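One chain comes next, on its own, written out as structure tokens in the form predicted on its own.
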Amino acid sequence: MKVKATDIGQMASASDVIFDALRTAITDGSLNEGEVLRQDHIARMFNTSRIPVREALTRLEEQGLVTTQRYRGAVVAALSIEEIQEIFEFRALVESEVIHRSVCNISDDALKLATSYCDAFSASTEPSKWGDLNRLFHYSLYQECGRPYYLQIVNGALGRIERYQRVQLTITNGLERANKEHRAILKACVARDADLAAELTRRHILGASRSLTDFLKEHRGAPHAINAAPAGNATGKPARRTGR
């Protein structure tokens, strides 16, 4: 049969494409908390039916990024300060245990990979990349923990707070402190000091939580505070906050 075939099995489904696009827009702040996600409008944007849109929204709701409200339908979810604190507290508990287990078995290759992500995070001047680089740095130190279920849970928690973590790194001037703390964690891992790596990870996560929740308590009533982009300076880096 003379037909130019395409391996459909290797192509992303319409639902996957929509899910990835909406998730990116939510986590990078393009979509605001409480913004309505109308199925018919999204279907027209992607030139598809509403079925894959519904599938994508269901997946986003399972990740806590979208919620369904009466009379409004699907909207971009907002987390309360109490929920954010709880997620960070959970992360501090689980991730400190994960890195402790990983350091006991960590390879030189994993440490080299972590170092490369740490350097990339430190050198990056693009806030849109900080969340991914931060996640990759931590994951490279966690990956040899021998606990895949733990890693799955950690990944889910990180997905819930990714957009809030972007705020913490940019608007609260958390990048400088994160760089310093990442270096300290990495140094402890290189030394194979599992106890120190676990304690530094716990402090790192709880410190980020305090910084973020303090900011949210002060600014959450302001329009689009969560989605505000940091002002840039001549170097392309976000402007520093003063008085803290």
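Just so it is clear, the model here is predicted, and its values are computed rather than measured. In case it trips you up, residue 1 is the first one in the sequence shown, and so on. Between two forms, the rigid core is defined as the largest C-alpha subset superposing within 1.5 Å.
This next part talks about the form predicted in complex with a further copy of the same chain, which is not shown.
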item: Close approach of residue 139 to a further copy of the same chain in the model of the complex, 4.5 Å, heavy atom; value: no
item: Residue contact check: residue 100 to a further copy of the same chain in the model of the complex, 4.5 Å heavy atom; value: no
item: Residue 55: touches a further copy of the same chain in the model of the complex, heavy atom cutoff 4.5 angstroms; value: yes
item: 4.5 Å heavy atom contact, residue 152 and a further copy of the same chain in the model of the complex; value: yes
item: 117, 119 and 123 each touching a further copy of the same chain in the model of the complex (heavy atom, 4.5 Å); value: no
item: Single option in 36, 51, 191, 45 placed near a further copy of the same chain in the model of the complex, where near means a heavy atom within 4.5 Å; value: 51
item: The single option of 81, 93, 104, 78 touching a further copy of the same chain in the model of the complex, heavy atom within 4.5 Å; value: 93
item: Region of this chain that lies against a further copy of the same chain in the model of the complex, out of 192-200, 211-219, 63-71, 179-187 [heavy atom, 4.5 Å]; value: 63-71
item: Large Cα shift (2 Å or above) at residue 72 between the shown form and the other one, core-fitted; value: yes
